[in-house]
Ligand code: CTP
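First comes one chain, alone, set out as structure tokens in the form predicted alone.
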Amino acid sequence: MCMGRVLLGVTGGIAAYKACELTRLLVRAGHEVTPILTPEAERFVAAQTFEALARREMPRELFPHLVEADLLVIAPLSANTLAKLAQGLADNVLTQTALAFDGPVLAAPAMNPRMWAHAATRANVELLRSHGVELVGPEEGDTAEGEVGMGRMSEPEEILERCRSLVEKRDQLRGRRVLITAGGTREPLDAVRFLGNRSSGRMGAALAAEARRRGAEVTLVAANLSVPAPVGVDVVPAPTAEELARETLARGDADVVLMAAAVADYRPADPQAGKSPKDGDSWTVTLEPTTDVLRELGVRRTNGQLLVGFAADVGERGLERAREKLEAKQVDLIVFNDIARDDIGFDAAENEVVLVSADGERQLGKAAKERIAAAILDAVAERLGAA
């Protein structure tokens, strides 16, 4: 197993006691752990406890060696420190380290459910993600105040598993060019109206962030994202199906292509140049098919290239169509998700998918899209290794 230098940030909250177990697990796994506690964290668990478990003293000021680690983990991440990190504030050693650290950052939020649900926290979460920070959790369950809801810190074992993945796989795709499409295309009806879909682009953005963490050179062809694009990737805007086809095919010689965008199958044949007035008459619109980008990539694919398609469909019949799509479009993998459910897929932070390949099928249970992205790229890396 690949060992790493892990900085473990601990913030104020009752969940700080779980960070003790996380420290023990990281050390047992062979990682070099440096604990960094905020002053508020020391009100719950003494710094000496972490120093004993990590066998390393906690720094009292920012030293250069703190930014040379392989991974920064913050568990628990309080609402207060989350807000500081989102805004780039640096008023203690942990926030100073986070601002100076340019490696992967993993954070496990823990707070009262109402604090987690507040609009300010939700905005800070999206801002933090746009800075490249990966979040694990929070989970639903009992909280310190006796409430039940979303806000409980993920278990140390789950955080450890993600730490292991980030450290072990940090160079897994080094030297590979990865092309990802994300979002939903919009096909103009007139100057102000369009035909579109509900895709936010969150799945594609998560894939791009994960591929970059693994060392790939990543290009994201973005169709009307409603989430921030990850840092460190080349973003190419492509709002319509025609533009997405052009930009994707122009870069179609990448080592890996993941077609996560929801591309319109049809577009208005004769979009109006101005705004069509509402006059009470019926409006008949003729639709024409758009370019099947995935099929075209399959036809053009170069030797050794890996192609991944996505299928958003309904139920068992939708899964069967995904199986048919695998062969018809000459791709290596199809990621199917059932859009009949409103708790996953479009507009949701979580997903549940089936990976369909010629070798069989694998179900990925409901999880944050970041975790789904990691599992998809595990499958990609496995196939690249076998090629």
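In case it trips you up, residue 1 is the first one in the sequence shown, and so on. Keep in mind the model is a prediction, meaning the values are calculated, not measured.
The form predicted together with ligand CTP is left out here; the points below concern that form.
Distance criterion of 4.5 Å from any heavy atom to ligand CTP in the model of the complex singles out A264 from the list A264, L85, V256, V218. A single residue from the set A222, V293, A209, L72 has any heavy atom within 4.5 angstroms of ligand CTP in the model of the complex; that residue is V293. Here the chain stands by itself, but in the model of the complex one stretch of 92 to 100, 115 to 123, 299 to 307, 264 to 272, 264 to 272, has heavy atoms within 4.5 Å of ligand CTP. When contacts are judged by a 4.5 Å heavy atom cut-off, M150 does not count as touching ligand CTP in the model of the complex. Interface residue remark: R43 is not counted as part of the site for ligand CTP in the model of the complex, having no heavy atom within 4.5 Å. A residue is said to contact a partner when one of its heavy atoms sits within 4.5 Å of a partner heavy atom; K329 meets this definition for ligand CTP in the model of the complex. In the model of the complex, none of the heavy atoms of R362 sits within 4.5 Å of a heavy atom of ligand CTP. Residues R321, K325, K329 of 314 to 329 are found to place at least one heavy atom within 4.5 Å of ligand CTP in the model of the complex.
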